[in-house]
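Given next, in structure tokens, is a single chain: the form predicted on its own.
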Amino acid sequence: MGTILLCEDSLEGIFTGIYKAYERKENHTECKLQAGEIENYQLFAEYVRVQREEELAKKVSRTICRDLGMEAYLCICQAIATEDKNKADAVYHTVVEGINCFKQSTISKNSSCSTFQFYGIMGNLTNPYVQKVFELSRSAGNEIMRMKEILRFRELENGILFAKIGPKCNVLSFIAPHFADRLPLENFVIYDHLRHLFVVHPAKQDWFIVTGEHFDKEITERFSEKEKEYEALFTHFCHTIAIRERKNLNLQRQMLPLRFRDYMVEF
């Protein structure tokens, strides 16, 4: 049944797993990569647990950027941000296919290599692994776009801007640069309560991500008086601007799914 490498469910963990898979010098068709804990073990398969190593992950990252291109690297990173159970194996074999095509593109005229030269590896959607990564990347990309649209900062008593989100994908590292670029002079925190992750942005400094389940939640519920006033005005505006005769709940849910509304002050 081959070898199954078990790695950490993170960008660094999966990239380390890819490095270790190449290091074993086995046939890639007989090797699989699994992120996180496995639920059902397969008979006659060899399971190898891989520990995350930052330096090895950086080497794989540089190789992907150099050989596959930045567009493919972004697609792979977004695919890893999803919660799909098969993402690690899809990314692994997409990287294998991309590196093989890169090596052959200068000496071969076959169709897959010509597709690589013109579109890059992500254009080879006939490959099931590439297609899987493409679909996962598109799903994460849609979630990133949604989070940028619906995220609402609320001013706390201490003057910090605080926003709470619960996305399907781990998109904090993708949306943080967007808000850091637009609010460089503000102290703000974005909290992903499903994963217990925080983006912390001190004013005039770089942002960073921290993790932790235990923190003083009462502080995040103490809003400034100015914030309460503006929230009341904004909510009143959103409720009064609507035209009752043109109310269409189905279209509203299509344009703004219900799962986002818990994080929007106007609702």
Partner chain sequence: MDAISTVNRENLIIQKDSGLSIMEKLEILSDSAKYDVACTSSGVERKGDGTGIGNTVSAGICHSFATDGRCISLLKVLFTNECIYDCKYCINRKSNDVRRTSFTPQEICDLTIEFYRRNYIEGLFLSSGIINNPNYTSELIYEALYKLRYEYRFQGYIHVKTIPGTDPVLVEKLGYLADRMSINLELPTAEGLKRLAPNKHRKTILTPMRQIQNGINNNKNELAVYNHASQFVPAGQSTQVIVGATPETDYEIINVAENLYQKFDLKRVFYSAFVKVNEDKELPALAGGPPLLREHRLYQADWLLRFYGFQAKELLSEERPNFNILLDPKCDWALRHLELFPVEINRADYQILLRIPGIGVKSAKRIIRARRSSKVEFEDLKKMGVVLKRALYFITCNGKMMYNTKIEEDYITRNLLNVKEKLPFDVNGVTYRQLSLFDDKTFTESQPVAEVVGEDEMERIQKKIIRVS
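We call the rigid core the largest set of C-alpha positions that still match within 1.5 Å between the two forms. As the structure is a prediction and not an experimental result, all values here were calculated from the model. Residue numbers count along the first chain shown, from 1.
Not pictured, yet referred to below: the form predicted together with its partner chain.
Site annotation in the predicted complex: the residue of Gln104, Thr82, Gln131, Ser173 reaching within 4.5 Å of its partner chain with a heavy atom is Gln131.
The partner is absent here, but in the predicted complex a heavy atom of Phe237, alone among Phe237, Phe215, Phe208, Tyr41, sits within 4.5 Å of its partner chain. None of the heavy atoms of Tyr191 is located within 4.5 Å of its partner chain in the predicted complex.
Within this chain, Tyr230 lines the site of its partner chain in the predicted complex, having a heavy atom no more than 4.5 Å away. Though the partner is left out of this view, Ala45 does not reach within 4.5 Å of its partner chain in the predicted complex, counting heavy atoms only. Although the partner is absent here, Arg246 is a contact residue: one of its heavy atoms lies within 4.5 angstroms of its partner chain in the predicted complex. Here the marked residues Leu74, Cys77 and Asn86 all miss its partner chain in the predicted complex; none has a heavy atom within 4.5 angstroms. For the stretch 150 to 185, the set of residues having any non-hydrogen atom within 4.5 angstroms of its partner chain in the predicted complex comprises Ile150, Leu151, Arg152, Phe153, Glu155, Gly159, Leu161, His178, Phe179, Asp181, Arg182, Leu183, Pro184, Leu185, in sequence order. A displacement of 2 angstroms or greater separates the C-alpha positions of Lys247 between the shown form and the other one, with the rigid core held in common.
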